[in-house]
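Just one chain follows, in the form predicted on its own, and it is written as structure tokens.
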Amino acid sequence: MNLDQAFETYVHESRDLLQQMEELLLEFSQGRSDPESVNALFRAAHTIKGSAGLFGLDGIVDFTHGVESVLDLVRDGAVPMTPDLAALLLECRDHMAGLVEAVAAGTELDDEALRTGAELQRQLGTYLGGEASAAQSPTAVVETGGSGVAGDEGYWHISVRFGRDVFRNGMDPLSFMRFLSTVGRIVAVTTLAHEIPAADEMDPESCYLGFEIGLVSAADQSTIEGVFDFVRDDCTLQILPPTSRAADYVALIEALPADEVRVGDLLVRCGAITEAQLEAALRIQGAEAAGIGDAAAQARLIGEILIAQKSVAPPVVEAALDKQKQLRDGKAQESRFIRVDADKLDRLINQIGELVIAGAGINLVAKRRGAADLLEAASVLGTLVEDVRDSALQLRMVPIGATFNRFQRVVHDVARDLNKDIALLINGGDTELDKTMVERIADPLMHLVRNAMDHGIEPTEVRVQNGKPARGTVKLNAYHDSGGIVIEVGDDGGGLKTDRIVAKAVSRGLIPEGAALTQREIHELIFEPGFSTASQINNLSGRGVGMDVVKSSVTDLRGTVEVDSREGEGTTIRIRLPLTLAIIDGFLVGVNDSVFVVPLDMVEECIEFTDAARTEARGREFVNLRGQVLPFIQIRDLFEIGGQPARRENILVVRYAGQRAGLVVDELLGEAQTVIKPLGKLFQKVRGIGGSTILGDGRVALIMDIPGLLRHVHGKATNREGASATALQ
């Protein structure tokens, strides 16, 4: 791995660790914490700092040092993890993220970001104890002129890794060691030779060495750094001042190369112990293992012996064990996963779509010729294509939980802005959806969550007066239903005020005064462009922008939006989406010379539209299906298709979101794999059509929009019921 690749890996890993820190801190801000979570938070900060040190990212190292110092006090129980501290650390985490993104983009922080960092360090200092914190913070050293030890001799730990080209650039690593002895007394040197390759692979002009150095000196940090000025571009240097604690060794351990090593070797390589200390501990361990006959206890016993001898602090041994586990787990993960560019995956899906169409054409030719061997080969090909299609689509399926978890931070920040106490509950995070769908649904979900917090959840005092818990709840839920996915955004707030919605709609001319609307039709009004019942405009809502965007975005994804609200109890907005936008299993039906596709997951059964049923349904748009009323649509009439109906028509029974209806067609043509092709702008608003596809014979078939057709059918049925009720009054 070259330097650019290593740096890119560092940026990706830092982003993952920062996301982990955010999730943990959000839990702490809600009053939930445990020692293991604190340790995980500490390790994440240490890893970011230690890895940054390897790339000379001093800004990240300096700032993160203060964060980890506070976390170290939390681990020791000296400072409690309060919601206020969690909020401060959350802001620090955001600043760390800004630092990482700045170095990733190769840019400098602006003045405002620098002021923010300085203010955050000042606030961290209140937890570290004023002067003591200044001594512990590398940033504070810079601000006070770089006096690391204030004139008294102290023990400095220097970690240096020389670059491959240091010899070619005319530098001798040992000369820096000799120069270092002029500013202090070198009391320990450990040579790191683990990167030296086999003799036949070694380049005599390349340097493979690193050193861990113990230096007793009264010099300040800038003087010691000055020793390495001429080689700073050809080495990675870390200097731990005398005030450093076990936390700094932990950072060094986590920044060590990903080699398979034992715990004792890790401790030696980071400089926490010397070779002599390790050899002494191994001798004790060998004697104990021989005495109890338990050679498998070696790793555990080494750590225990070193702690008992007070050679190393327990957190350092714990970090070494964690590092060893990470290395082993990392090697296992490397063998299981590879990174694939999303564009390559999209191209694969498109090519498989064309393969599906070509396979359908071959199958059609085989049927026309009637050759048994050709039919059998076409059948095998069709099965293989279907398997390849399913496997390829599965590659693009990702859990929606990652998107849901992002809203933990949104809820935390918005709740603070609104001065409300709100918790987020997540269910169904492991529900999988097409990657493209997940990316495009994130913004609509953001609108819904923010609206639920601003409009839905009442102020704390109002909730208490109404007998509700002081803390409001926003829920995100996802599950599979009818071959698609359902995403719910719910709250336990005040619900939609139907009278205010109707009054606003009348004032804007959306509905006539005195109009008789069903509950569902009233709720649908909130999706009208510019519609809002908010009495005040703020930075979250009130301008009527958002809900109409939600509906249009979901519609573009071939989905639907439903509203279920009870005044005083809360609101749930339900989004129904197809699992994928690429390829589906379809059921072909024919009306005269036109062919339509119905998504197979929505097909319930097929029945014959008998003469008796046709006579009974004359003048009505429903039939009796085994004692239940089934509304139906004449596809011929809906799309104004010419010609005479077939002598024996059929009804295709479809179901979606708990509603059923029948589609009256001439022919049932059977199942087929369908590649979804988008309609042009001219046809995007055609009712009842959701897309198109190409059949094996080259003809174009239209894909039916079953959710839209069901809304049309049940809307007509509701209107008929309302008209009948009015006539009876």
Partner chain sequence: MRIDQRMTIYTAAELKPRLLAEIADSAVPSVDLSAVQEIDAAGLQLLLLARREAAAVGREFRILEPSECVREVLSLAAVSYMDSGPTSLGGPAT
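Between two forms, the rigid core is defined as the largest C-alpha subset superposing within 1.5 Å. Positions refer to the first chain, counted from 1. Being a predicted model, the structure only gives us computed values, none of them experimental.
Beyond what is shown, the protein has a form predicted in complex with its partner chain; the following relates to that form.
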### Task
Taking 4.5 Å between heavy atoms as the contact cutoff, choose which of P197, P80, P469, P512 touches its partner chain in the predicted complex.
P197
### Message
If the cut-off is 4.5 angstroms on heavy atoms, which of these, L425, M202, V629, V380, is the one near its partner chain in the predicted complex?
### Response
M202
### Close approach of F587 to its partner chain in the predicted complex, 4.5 Å, heavy atom
no
### Message
My question is simply whether F211 lines the interface with its partner chain in the predicted complex - judged by any non-hydrogen atom within 4.5 Å.
### Response
yes
### Query
Heavy atom to heavy atom, is R178 within 4.5 Å of its partner chain in the predicted complex?
yes
### Query
Heavy atoms within 4.5 Å of its partner chain in the predicted complex: does S206 have any?
yes
### Message
in the predicted complex, does each of F167, P173 and A193 have a heavy atom within 4.5 Å of its partner chain?
### Response
yes
### Task
Heavy atoms, 4.5 Å, its partner chain in the predicted complex: which of 183-191, 613-621, 453-461, 564-572 makes the cut? Say which one.
183-191
### Message
Rigid core aligned, does the Cα position of F176 differ by 2 Å or more between the shown form and the other one?
### Response
yes
### Message
P459: after superposing the rigid core, is there a C-alpha shift of 2 Å or more between the shown form and the other one?
### Response
no
#### Entry: Threshold 2 Å Cα movement between the shown form and the other one at G590, rigid core reference
no
